[in-house]
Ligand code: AMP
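One chain follows as C-alpha coordinates, the form predicted on its own.
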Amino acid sequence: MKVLVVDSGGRGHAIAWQFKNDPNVKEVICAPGNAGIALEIRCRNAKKSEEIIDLAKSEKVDLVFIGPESPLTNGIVDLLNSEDMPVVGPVKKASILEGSKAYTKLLCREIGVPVAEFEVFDGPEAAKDYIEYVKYPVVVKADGLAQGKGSIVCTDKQEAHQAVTQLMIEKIFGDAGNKVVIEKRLYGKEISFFVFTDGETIVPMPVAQDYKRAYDNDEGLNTGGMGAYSPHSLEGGELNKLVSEKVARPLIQGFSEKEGIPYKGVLYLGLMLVEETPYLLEANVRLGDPEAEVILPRLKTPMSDISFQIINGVLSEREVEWNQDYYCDVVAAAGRTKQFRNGKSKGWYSGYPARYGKGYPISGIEDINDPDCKIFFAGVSISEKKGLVTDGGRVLHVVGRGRTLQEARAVAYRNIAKIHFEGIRYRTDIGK
(Lines give C-alpha, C1' and ligand atoms only; values in the text may rest on other atoms or scores of the structure.)
Protein backbone atom coordinates (compact mmCIF):
# COMPACT_ATOMS: atom_id res chain seq x y z
CA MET A 1 0.00 0.00 0.00
CA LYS A 2 0.93 3.67 -0.28
CA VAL A 3 0.81 5.86 2.84
CA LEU A 4 0.70 9.65 3.17
CA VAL A 5 2.01 11.12 6.43
CA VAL A 6 1.01 14.73 7.10
CA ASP A 7 3.72 16.43 9.19
CA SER A 8 6.87 18.50 8.84
CA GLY A 9 9.01 17.77 11.90
CA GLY A 10 10.73 15.13 13.98
CA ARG A 11 7.49 13.40 14.95
CA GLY A 12 6.47 13.21 11.29
CA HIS A 13 9.85 11.73 10.40
CA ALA A 14 9.42 9.08 13.11
CA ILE A 15 5.92 8.20 11.86
CA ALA A 16 7.02 8.06 8.22
CA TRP A 17 10.09 5.99 9.14
CA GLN A 18 7.87 3.52 11.00
CA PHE A 19 5.66 3.14 7.91
CA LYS A 20 8.77 2.85 5.72
CA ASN A 21 9.77 -0.23 7.72
CA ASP A 22 6.25 -1.68 7.59
CA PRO A 23 6.14 -4.91 5.49
CA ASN A 24 2.67 -3.96 4.20
CA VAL A 25 3.79 -0.58 2.86
CA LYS A 26 5.30 -0.14 -0.58
CA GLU A 27 5.82 3.63 -0.48
CA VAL A 28 5.58 6.50 2.01
CA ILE A 29 5.05 10.16 1.13
CA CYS A 30 5.47 12.95 3.69
CA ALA A 31 3.70 16.29 3.28
CA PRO A 32 5.18 18.79 3.57
CA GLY A 33 8.11 17.02 5.23
CA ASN A 34 11.49 18.75 5.35
CA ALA A 35 14.90 18.54 3.73
CA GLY A 36 16.16 15.97 6.24
CA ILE A 37 13.17 13.67 5.90
CA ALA A 38 13.59 13.94 2.12
CA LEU A 39 16.97 12.20 2.40
CA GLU A 40 15.11 8.89 2.85
CA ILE A 41 11.39 9.54 2.19
CA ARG A 42 9.71 11.34 -0.71
CA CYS A 43 8.33 14.70 0.40
CA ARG A 44 5.74 16.86 -1.33
CA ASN A 45 5.18 20.53 -0.53
CA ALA A 46 1.49 20.30 0.36
CA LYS A 47 0.47 22.28 3.46
CA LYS A 48 -3.12 23.46 3.16
CA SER A 49 -5.94 20.97 3.64
CA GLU A 50 -7.05 21.31 0.03
CA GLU A 51 -3.51 20.66 -1.20
CA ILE A 52 -3.23 17.56 0.97
CA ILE A 53 -6.57 16.24 -0.30
CA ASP A 54 -5.46 16.81 -3.91
CA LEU A 55 -2.12 15.08 -3.21
CA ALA A 56 -3.83 12.08 -1.62
CA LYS A 57 -6.09 11.77 -4.67
CA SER A 58 -3.38 12.22 -7.30
CA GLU A 59 -1.06 9.75 -5.57
CA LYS A 60 -3.95 7.31 -4.98
CA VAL A 61 -2.81 6.70 -1.42
CA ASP A 62 -4.38 3.91 0.62
CA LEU A 63 -3.95 5.52 4.03
CA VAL A 64 -3.39 8.99 5.50
CA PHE A 65 -1.88 9.51 8.96
CA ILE A 66 -2.11 13.00 10.47
CA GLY A 67 0.79 14.03 12.74
CA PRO A 68 0.27 17.56 14.15
CA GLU A 69 -2.62 19.15 16.00
CA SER A 70 -3.32 22.13 13.73
CA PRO A 71 -4.70 20.24 10.71
CA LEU A 72 -6.74 18.06 13.08
CA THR A 73 -8.35 21.02 14.83
CA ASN A 74 -8.92 22.61 11.41
CA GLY A 75 -10.94 19.57 10.30
CA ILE A 76 -8.71 17.77 7.79
CA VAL A 77 -10.01 14.36 8.94
CA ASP A 78 -13.57 15.46 8.19
CA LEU A 79 -12.53 16.47 4.66
CA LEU A 80 -10.73 13.18 4.06
CA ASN A 81 -13.71 11.24 5.40
CA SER A 82 -15.98 13.09 2.97
CA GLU A 83 -13.74 11.81 0.15
CA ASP A 84 -13.88 8.23 1.55
CA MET A 85 -10.13 8.22 2.20
CA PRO A 86 -8.92 6.06 5.12
CA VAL A 87 -7.36 8.41 7.69
CA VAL A 88 -6.05 8.10 11.26
CA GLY A 89 -6.93 11.01 13.51
CA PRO A 90 -9.90 12.48 15.37
CA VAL A 91 -12.47 14.63 13.56
CA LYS A 92 -12.59 18.38 14.15
CA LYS A 93 -15.24 18.18 16.86
CA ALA A 94 -13.21 15.60 18.80
CA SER A 95 -10.00 17.62 18.42
CA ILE A 96 -11.39 20.16 20.90
CA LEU A 97 -9.80 18.00 23.60
CA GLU A 98 -6.54 19.68 22.60
CA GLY A 99 -7.96 22.77 20.91
CA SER A 100 -9.43 24.05 24.18
CA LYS A 101 -7.83 23.30 27.54
CA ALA A 102 -10.85 24.91 29.23
CA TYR A 103 -13.26 22.52 27.50
CA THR A 104 -11.24 19.48 28.55
CA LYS A 105 -10.78 20.61 32.16
CA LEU A 106 -14.49 21.34 32.52
CA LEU A 107 -15.39 17.98 30.98
CA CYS A 108 -13.01 16.20 33.36
CA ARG A 109 -14.53 17.98 36.34
CA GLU A 110 -17.99 16.96 35.13
CA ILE A 111 -17.21 13.26 34.62
CA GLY A 112 -14.82 12.77 37.54
CA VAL A 113 -11.42 12.48 35.82
CA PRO A 114 -8.79 13.72 38.32
CA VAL A 115 -7.56 17.24 37.58
CA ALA A 116 -5.94 19.91 39.72
CA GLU A 117 -8.14 22.65 41.21
CA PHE A 118 -8.71 25.20 38.45
CA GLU A 119 -10.77 28.08 37.13
CA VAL A 120 -11.22 29.48 33.62
CA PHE A 121 -10.93 33.20 32.79
CA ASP A 122 -11.59 35.27 29.68
CA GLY A 123 -10.25 38.54 31.09
CA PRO A 124 -6.86 39.41 32.67
CA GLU A 125 -8.19 41.34 35.66
CA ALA A 126 -10.36 38.49 36.95
CA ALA A 127 -7.46 36.08 36.36
CA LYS A 128 -5.10 38.25 38.41
CA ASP A 129 -7.68 38.63 41.19
CA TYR A 130 -7.89 34.83 41.38
CA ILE A 131 -4.10 34.56 41.65
CA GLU A 132 -4.25 36.87 44.67
CA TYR A 133 -7.08 34.84 46.18
CA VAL A 134 -5.58 31.33 46.07
CA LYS A 135 -3.03 30.23 48.63
CA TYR A 136 -0.86 28.01 46.42
CA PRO A 137 1.48 28.24 43.38
CA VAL A 138 -0.30 27.98 40.04
CA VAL A 139 0.19 27.06 36.40
CA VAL A 140 -1.22 29.51 33.85
CA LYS A 141 -2.27 27.90 30.58
CA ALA A 142 -3.35 29.39 27.26
CA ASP A 143 -6.69 27.84 26.32
CA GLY A 144 -5.81 27.33 22.64
CA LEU A 145 -2.96 25.83 20.64
CA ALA A 146 0.46 27.24 21.46
CA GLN A 147 2.92 24.74 19.94
CA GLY A 148 3.32 22.96 23.26
CA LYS A 149 4.61 26.11 24.97
CA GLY A 150 1.37 27.58 26.34
CA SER A 151 1.69 26.26 29.92
CA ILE A 152 3.63 28.58 32.22
CA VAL A 153 4.66 27.02 35.54
CA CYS A 154 4.87 29.71 38.22
CA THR A 155 6.67 29.67 41.56
CA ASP A 156 5.07 32.81 43.02
CA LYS A 157 2.29 35.35 42.43
CA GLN A 158 4.57 37.76 40.58
CA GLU A 159 5.41 35.11 37.97
CA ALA A 160 1.73 34.19 37.68
CA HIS A 161 0.71 37.82 37.09
CA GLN A 162 3.44 38.08 34.46
CA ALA A 163 2.17 34.90 32.78
CA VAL A 164 -1.37 36.31 32.54
CA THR A 165 0.04 39.53 31.05
CA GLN A 166 2.07 37.62 28.49
CA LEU A 167 -0.81 35.37 27.42
CA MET A 168 -3.82 37.68 27.63
CA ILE A 169 -2.45 41.20 27.08
CA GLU A 170 0.81 40.84 25.13
CA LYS A 171 -0.70 37.87 23.25
CA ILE A 172 2.60 36.01 22.87
CA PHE A 173 0.62 33.06 21.48
CA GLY A 174 -2.00 35.10 19.67
CA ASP A 175 -5.65 34.16 20.06
CA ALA A 176 -4.68 31.04 22.05
CA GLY A 177 -4.48 33.38 25.05
CA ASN A 178 -7.96 34.89 24.69
CA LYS A 179 -8.92 32.58 27.54
CA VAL A 180 -6.70 31.03 30.21
CA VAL A 181 -6.91 28.16 32.66
CA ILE A 182 -5.31 28.78 36.04
CA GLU A 183 -4.74 25.62 38.02
CA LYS A 184 -3.04 24.54 41.20
CA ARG A 185 0.54 23.48 40.65
CA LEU A 186 0.96 19.80 41.42
CA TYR A 187 4.10 18.02 42.57
CA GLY A 188 4.76 14.39 41.75
CA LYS A 189 5.99 12.23 38.87
CA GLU A 190 5.17 13.68 35.46
CA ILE A 191 4.81 11.22 32.57
CA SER A 192 3.50 11.12 29.01
CA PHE A 193 0.91 8.38 28.48
CA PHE A 194 -0.39 7.56 24.99
CA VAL A 195 -3.14 5.26 23.77
CA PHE A 196 -4.45 4.09 20.43
CA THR A 197 -8.25 4.02 20.40
CA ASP A 198 -11.04 3.16 17.98
CA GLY A 199 -13.61 4.85 20.21
CA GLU A 200 -14.30 1.71 22.23
CA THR A 201 -11.07 -0.20 22.81
CA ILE A 202 -7.97 1.53 24.15
CA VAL A 203 -4.44 0.17 23.67
CA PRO A 204 -1.80 1.83 25.88
CA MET A 205 1.57 2.57 24.33
CA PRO A 206 4.86 2.37 26.22
CA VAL A 207 5.43 5.18 28.70
CA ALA A 208 7.83 7.99 27.84
CA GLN A 209 9.50 10.59 30.02
CA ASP A 210 9.99 13.90 28.26
CA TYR A 211 11.88 17.03 29.32
CA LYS A 212 10.03 20.32 28.75
CA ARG A 213 12.37 22.92 30.23
CA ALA A 214 15.03 24.46 28.01
CA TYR A 215 18.05 23.83 30.24
CA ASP A 216 19.59 21.18 32.48
CA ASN A 217 18.04 20.51 35.89
CA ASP A 218 14.64 21.55 34.51
CA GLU A 219 15.57 25.22 34.40
CA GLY A 220 14.49 27.84 31.88
CA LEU A 221 11.34 28.29 29.84
CA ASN A 222 8.99 25.54 28.76
CA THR A 223 9.63 24.22 25.27
CA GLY A 224 7.96 21.72 22.98
CA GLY A 225 10.37 19.16 24.45
CA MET A 226 14.16 18.93 24.67
CA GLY A 227 14.41 15.15 24.78
CA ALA A 228 12.78 11.96 26.03
CA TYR A 229 13.39 8.34 26.88
CA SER A 230 11.43 5.10 26.97
CA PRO A 231 10.80 2.65 28.68
CA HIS A 232 9.95 4.45 31.91
CA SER A 233 10.52 2.80 35.29
CA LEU A 234 6.77 2.99 36.02
CA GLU A 235 5.82 1.27 32.76
CA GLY A 236 3.73 -1.87 33.08
CA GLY A 237 0.34 -3.42 33.57
CA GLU A 238 -0.36 -1.78 36.94
CA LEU A 239 0.12 1.75 35.59
CA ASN A 240 -1.78 0.90 32.39
CA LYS A 241 -4.73 -0.30 34.45
CA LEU A 242 -4.66 2.72 36.75
CA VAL A 243 -4.53 5.32 33.96
CA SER A 244 -6.95 3.43 31.73
CA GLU A 245 -9.57 3.15 34.48
CA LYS A 246 -9.12 6.61 36.02
CA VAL A 247 -8.37 8.77 32.98
CA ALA A 248 -8.27 7.34 29.45
CA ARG A 249 -11.45 5.26 29.33
CA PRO A 250 -13.70 7.71 31.23
CA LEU A 251 -12.42 10.64 29.15
CA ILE A 252 -13.01 8.89 25.82
CA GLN A 253 -16.42 7.59 26.90
CA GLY A 254 -17.42 10.84 28.59
CA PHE A 255 -16.58 12.84 25.49
CA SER A 256 -18.51 10.43 23.26
CA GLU A 257 -21.58 10.57 25.49
CA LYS A 258 -21.47 14.36 25.71
CA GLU A 259 -20.92 15.06 22.02
CA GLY A 260 -22.51 12.02 20.40
CA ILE A 261 -19.43 11.05 18.36
CA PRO A 262 -16.56 8.60 18.98
CA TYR A 263 -13.00 9.69 19.61
CA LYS A 264 -10.74 7.73 17.23
CA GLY A 265 -6.98 7.94 16.73
CA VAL A 266 -4.21 8.67 19.22
CA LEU A 267 -4.83 10.28 22.60
CA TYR A 268 -1.91 11.76 24.52
CA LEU A 269 -2.38 12.21 28.27
CA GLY A 270 0.07 14.42 30.13
CA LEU A 271 -0.13 13.14 33.71
CA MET A 272 1.15 14.02 37.16
CA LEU A 273 1.20 11.01 39.48
CA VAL A 274 0.57 12.24 43.02
CA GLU A 275 0.76 9.25 45.35
CA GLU A 276 -1.74 6.81 43.76
CA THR A 277 -3.75 9.37 41.76
CA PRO A 278 -3.05 10.17 38.07
CA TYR A 279 -4.00 13.82 37.56
CA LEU A 280 -4.57 14.91 33.96
CA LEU A 281 -2.44 17.97 33.18
CA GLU A 282 -3.31 18.10 29.48
CA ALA A 283 -4.86 16.05 26.72
CA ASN A 284 -3.52 16.12 23.18
CA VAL A 285 -5.07 14.54 20.12
CA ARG A 286 -1.92 13.20 18.47
CA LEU A 287 1.47 11.66 19.14
CA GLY A 288 3.84 13.79 21.17
CA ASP A 289 7.10 15.26 20.03
CA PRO A 290 9.73 14.16 21.23
CA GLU A 291 7.88 11.16 22.72
CA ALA A 292 7.08 9.67 19.30
CA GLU A 293 10.80 9.49 18.55
CA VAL A 294 11.37 7.05 21.44
CA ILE A 295 8.03 5.20 21.43
CA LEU A 296 7.62 4.38 17.74
CA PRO A 297 11.03 2.64 17.42
CA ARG A 298 9.72 0.16 20.01
CA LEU A 299 6.71 -0.82 17.89
CA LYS A 300 6.82 -4.37 16.49
CA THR A 301 3.25 -4.62 15.14
CA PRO A 302 2.93 -3.07 11.64
CA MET A 303 1.70 0.52 11.91
CA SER A 304 -0.60 -0.08 8.94
CA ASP A 305 -2.40 -2.89 10.76
CA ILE A 306 -3.01 -0.70 13.81
CA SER A 307 -4.20 2.15 11.59
CA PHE A 308 -6.87 0.10 9.86
CA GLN A 309 -7.95 -1.49 13.14
CA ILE A 310 -8.60 2.04 14.45
CA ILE A 311 -10.43 3.08 11.29
CA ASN A 312 -12.57 -0.06 11.16
CA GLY A 313 -13.31 -0.14 14.90
CA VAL A 314 -11.64 -3.52 15.51
CA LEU A 315 -8.67 -2.53 17.66
CA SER A 316 -9.46 -5.32 20.12
CA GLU A 317 -8.86 -8.06 17.54
CA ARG A 318 -5.06 -8.10 17.69
CA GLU A 319 -2.53 -7.44 20.43
CA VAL A 320 -0.06 -4.65 19.76
CA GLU A 321 3.54 -5.75 20.45
CA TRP A 322 6.53 -3.65 21.55
CA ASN A 323 10.23 -4.37 21.97
CA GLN A 324 11.97 -3.84 25.31
CA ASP A 325 15.00 -1.89 24.08
CA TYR A 326 15.72 1.52 25.57
CA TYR A 327 15.65 4.66 23.43
CA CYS A 328 16.97 8.07 24.42
CA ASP A 329 16.29 11.19 22.32
CA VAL A 330 18.46 14.29 22.74
CA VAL A 331 17.26 17.38 20.87
CA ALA A 332 19.82 19.61 19.17
CA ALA A 333 18.26 23.07 19.42
CA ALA A 334 19.02 26.52 18.06
CA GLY A 335 20.88 28.35 20.82
CA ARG A 336 22.42 31.80 21.29
CA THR A 337 23.76 33.40 18.13
CA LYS A 338 24.57 36.87 16.88
CA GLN A 339 22.03 38.86 14.88
CA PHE A 340 23.18 40.59 11.73
CA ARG A 341 21.36 43.03 9.50
CA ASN A 342 22.95 44.36 6.32
CA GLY A 343 26.26 42.93 7.49
CA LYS A 344 26.17 44.73 10.84
CA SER A 345 25.81 43.15 14.27
CA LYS A 346 22.44 43.86 15.89
CA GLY A 347 22.81 42.05 19.19
CA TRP A 348 21.97 38.44 19.98
CA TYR A 349 19.28 35.85 19.48
CA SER A 350 18.76 34.22 22.86
CA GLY A 351 17.76 30.89 21.28
CA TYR A 352 14.87 28.44 21.42
CA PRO A 353 12.19 28.70 22.78
CA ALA A 354 12.72 32.45 22.42
CA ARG A 355 13.92 34.04 19.16
CA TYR A 356 16.57 32.14 17.23
CA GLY A 357 18.54 32.48 14.03
CA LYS A 358 18.17 30.29 10.95
CA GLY A 359 20.21 29.23 7.97
CA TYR A 360 23.32 27.91 9.76
CA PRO A 361 25.09 25.02 7.98
CA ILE A 362 24.85 21.64 9.71
CA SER A 363 27.92 19.38 9.64
CA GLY A 364 28.95 16.08 11.16
CA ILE A 365 25.86 14.05 10.33
CA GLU A 366 27.83 12.33 7.58
CA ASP A 367 30.24 11.05 10.25
CA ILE A 368 27.52 9.13 12.08
CA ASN A 369 27.32 5.50 11.00
CA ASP A 370 26.30 3.95 14.30
CA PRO A 371 23.59 1.26 13.78
CA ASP A 372 22.21 2.07 17.23
CA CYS A 373 21.73 5.76 16.38
CA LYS A 374 18.86 7.26 14.38
CA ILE A 375 18.47 10.95 13.53
CA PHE A 376 14.99 12.35 13.08
CA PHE A 377 15.04 15.72 11.33
CA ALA A 378 12.91 18.56 12.69
CA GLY A 379 13.82 22.18 11.82
CA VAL A 380 16.01 21.87 8.73
CA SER A 381 15.98 23.07 5.14
CA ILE A 382 18.31 22.96 2.15
CA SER A 383 20.46 25.74 0.75
CA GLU A 384 22.06 25.63 -2.71
CA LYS A 385 25.26 27.13 -1.32
CA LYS A 386 25.37 25.75 2.23
CA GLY A 387 23.64 22.37 1.95
CA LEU A 388 21.59 21.26 4.96
CA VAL A 389 20.89 24.26 7.24
CA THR A 390 18.95 25.02 10.42
CA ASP A 391 15.36 26.19 9.96
CA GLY A 392 13.67 25.87 13.35
CA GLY A 393 14.05 25.98 17.11
CA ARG A 394 14.38 22.23 17.50
CA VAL A 395 16.71 21.19 14.71
CA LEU A 396 17.50 17.47 15.17
CA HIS A 397 16.47 14.55 17.35
CA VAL A 398 19.44 12.25 17.98
CA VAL A 399 18.08 8.93 19.23
CA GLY A 400 20.24 6.23 20.80
CA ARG A 401 19.23 2.61 21.36
CA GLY A 402 20.57 0.26 24.03
CA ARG A 403 19.79 -2.67 26.28
CA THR A 404 19.73 -0.24 29.21
CA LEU A 405 18.89 3.45 29.53
CA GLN A 406 22.54 4.25 30.20
CA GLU A 407 23.60 2.48 27.00
CA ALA A 408 20.98 4.39 25.02
CA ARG A 409 22.12 7.69 26.58
CA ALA A 410 25.73 6.94 25.74
CA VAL A 411 24.85 6.31 22.08
CA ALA A 412 22.82 9.51 21.78
CA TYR A 413 25.41 11.75 23.44
CA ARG A 414 28.36 10.15 21.67
CA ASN A 415 26.77 10.90 18.32
CA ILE A 416 25.30 14.33 19.00
CA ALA A 417 28.83 15.44 19.92
CA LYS A 418 29.78 14.89 16.26
CA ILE A 419 27.18 17.35 14.99
CA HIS A 420 27.91 21.05 14.60
CA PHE A 421 26.03 24.21 13.66
CA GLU A 422 26.35 27.74 14.98
CA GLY A 423 24.65 28.05 18.36
CA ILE A 424 23.95 24.33 18.80
CA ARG A 425 22.58 23.67 22.27
CA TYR A 426 21.25 20.56 23.98
CA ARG A 427 20.52 19.38 27.49
CA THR A 428 23.14 17.07 28.98
CA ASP A 429 20.83 15.40 31.50
CA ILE A 430 18.28 13.56 29.34
CA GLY A 431 17.74 10.17 30.97
CA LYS A 432 20.19 10.96 33.74
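All residue numbers are counted from 1 along the displayed sequence. Remember, predicted model here, so these are calculated numbers, not experimental data.
Another form exists, predicted in complex with the ligand; not displayed. Remarks below refer to it.
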- prompt: With a 4.5 Å heavy atom cut-off, would you call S304 a contact of the ligand in the model of the complex?
  reply: no
query: Does any heavy atom of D198 come within 4.5 Å of a heavy atom of the ligand in the model of the complex?
result: no
query: Should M272 be classed as touching the ligand in the model of the complex when contacts are defined as heavy atoms within 4.5 Å?
result: yes
task: Spell out, yes or no, whether the shortest heavy atom distance between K264 and the ligand in the model of the complex is within 4.5 Å.
output: no
- line: With a 4.5 Å heavy atom cut-off to the ligand in the model of the complex, the contacting stretch among 81 to 89, 149 to 157, 337 to 345, 295 to 303 is 149 to 157
field: The unique member of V320, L107, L186, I311 whose heavy atoms fall within 4.5 Å of the ligand in the model of the complex
entry: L186
query: the ligand isn't shown here, but in the model of the complex which of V120, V139, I202, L239 has a heavy atom within 4.5 Å of it?
result: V139
message: On the criterion of a non-hydrogen atom at 4.5 angstroms or closer, are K212, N222 and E282 all touching the ligand in the model of the complex?
response: yes
field: in the model of the complex, residues of 105 to 131 near the ligand [heavy atom within 4.5 Å]
entry: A116
